[in-house]
Every structure is written in structure tokens, then in C-alpha cells.
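Just one chain follows, in the form predicted on its own, and it is written as C-alpha cells.
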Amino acid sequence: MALKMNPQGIMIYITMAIYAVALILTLAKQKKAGLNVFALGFVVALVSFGYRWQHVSHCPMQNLFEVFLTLGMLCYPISIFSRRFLKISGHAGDMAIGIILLFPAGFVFHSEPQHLPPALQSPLFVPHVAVYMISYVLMFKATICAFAQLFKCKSEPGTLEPEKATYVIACLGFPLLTLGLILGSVWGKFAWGDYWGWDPKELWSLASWLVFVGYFHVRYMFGQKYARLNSSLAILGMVFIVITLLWVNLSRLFPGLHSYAS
């Protein structure tokens, strides 16, 4: 673990610090102040994202450093959207998610610019990765709601209770997971000559998708009767997503066509 004492790293650390202050204010019942500080953190994260884009001359979604940088930037808009349009509370959880997602970019993965390999020089690069990034943040938020249900946490007045919130967010994230699979398949045909190559990342992406299929099937069949099972399946789906994002990219035992993401 090493500090990145360059403009990019400093902006990441500032964003994390601002998110932390926002979280402290929110937990201290200073919700309006916390939300304003959260918005400030988003502005810094957006500047950091734009700086990286200008620095590497491509949309910063190539490797795990850039992926986590992007994920950390997406937390605020998804949080605001969820509250205003879906009636789902949890700004404090979203602030914590932002800190967690920026940690690997700040302390784990190297930030040296990398040349965009030929396989990624495609019009499908940005839409394929972007829909996955948005879906991952949504499913992370759904996981927080699922844990809230398991631990019997109460939602804020006028917002959905945790089990229902998990379902609503998953309903939003699942089509994006599906679109990511489809776009990846089409891209694979153009890049490698086949729609499906049984690559480890392809397999784990499919496994993640199937877990959420199981989640929706169980909830459709039984509704909220088995709320703990519903929440557990949502959490399991997120575990599979983490494996897809991290273990598959970093493992040397099962190298695949997506090794450039490491």
C-alpha cells in the first residue's frame, strides 16, 4: 500500500476526506449539511475523473484503478436519484460506499497511464463498461439495504422499508447487468471472433446475473414472505460481482482475455 502523491492521488484523498466528513455530519443528524458536503465531494470526484480522462486521452474505464475512480464518482448522482425518484433513503450508506470504492484507487492499484489496447479501441468500450459500472453501484446500494433488512434497521419516514428498497434498486440495476452482458457478447464477436469465449470473467459475469435471476424468481414466487432469504440472495449476487471485478482480474491461476483490466 502506497500513497499517490500526485495531483490524481491528492484529488482522490480529498474526495475520500470530504465523503468522510459528509458521513460524520449525516450520522450526527446534520443531514442537510452532510448532503451539501457530499455534493462537494462529488464535484471533486468529477474533476478527478475529468483530469484522468485528459491525462490518458481516453475515457478512464480501462483498468481497475480507473474503474474504482469511476465507481467512486457515481455514488452521489445515484444516491440523489434513489432518494428523489425511488423514495429510498440511505445517504449515509452511499457516502460510506463512496469511501470504500475510492480506497482501491487511492491505496491499492497503480495509476500509471496505460495505452489503450486494440481490443478496447471500440465504440462499444464506453457503453459496455459504463452500464456495468452503474449497475455495480446500484447493486452495492441494494446490498446495503439488504443488510439493513437483515439487521432490522428502520428506514426514514416517507421512504421504502429496506426489503422493498433492495428489490426496487435491484430492478433498476438488473437490466443494466443484462445490457452489459449483451454488449460484451457483441463486442466479443467483433474483437475475438465469437460471441462467447468461456473466459473466466464472462463466466462470473453470467454467474452474477443468474444469482439475481434467482433472487427475482424467489421474490416473485413468495413476495416478502421470506424476506431474509431475499436479502441473502441479493448479498450473494454482490459477492459474485466482487469476484467478477476483482478476483477474476487479479488471479494468475485463471488468466483470460480480460487480463488487461488488472
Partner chain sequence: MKNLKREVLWGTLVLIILLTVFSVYGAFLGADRAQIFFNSIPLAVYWSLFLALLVVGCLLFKRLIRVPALLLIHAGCIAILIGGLWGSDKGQEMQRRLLKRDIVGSGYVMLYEGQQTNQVQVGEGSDRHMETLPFIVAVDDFRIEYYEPGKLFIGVPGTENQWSMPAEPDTQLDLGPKFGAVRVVRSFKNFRISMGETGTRGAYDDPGPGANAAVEILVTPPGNGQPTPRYIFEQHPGHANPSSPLAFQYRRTISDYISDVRILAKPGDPNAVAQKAVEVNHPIYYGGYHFYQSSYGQDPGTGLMYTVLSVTSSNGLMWVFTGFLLMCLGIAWQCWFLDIRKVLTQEAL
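Bear in mind the structure is a predicted one, so any value in this text is a computation, not a measurement. Positions refer to the first chain, counted from 1.
Omitted here: the form predicted together with the partner chain. The next part is about that form.
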message: Which residue, Ala130, Leu101, Leu176, Ala92, is the contact with the partner chain in the model of the complex, using a 4.5 Å heavy atom cutoff?
response: Leu176
task: Could you tell me which one of Cys153, Val126, Val108, Leu116 places a heavy atom within 4.5 Å of the partner chain in the model of the complex?
output: Leu116
query: Might Ala191 be said to contact the partner chain in the model of the complex, defining contact as any heavy atom within 4.5 Å?
result: yes
message: Check Ala28 for me: does it contact the partner chain in the model of the complex (non-hydrogen atoms, 4.5 angstroms)?
response: no
- prompt: Heavy atom to heavy atom, is Phe65 within 4.5 Å of the partner chain in the model of the complex?
  reply: no
query: How about Pro200: is it within 4.5 Å of the partner chain in the model of the complex, going by heavy atoms?
result: yes
statement: Here the chain appears without its partner; judged in the model of the complex, the stretch of 204 to 212, 65 to 73, 47 to 55, 34 to 42 with heavy atoms within 4.5 Å of the partner chain is 204 to 212
query: If you look in the model of the complex, which residues in 153 to 184 sit within 4.5 Å of the partner chain (heavy atoms)?
result: Leu160, Lys164, Tyr167, Val168, Cys171, Leu172, Phe174, Pro175, Leu176, Thr178, Leu179, Ile182
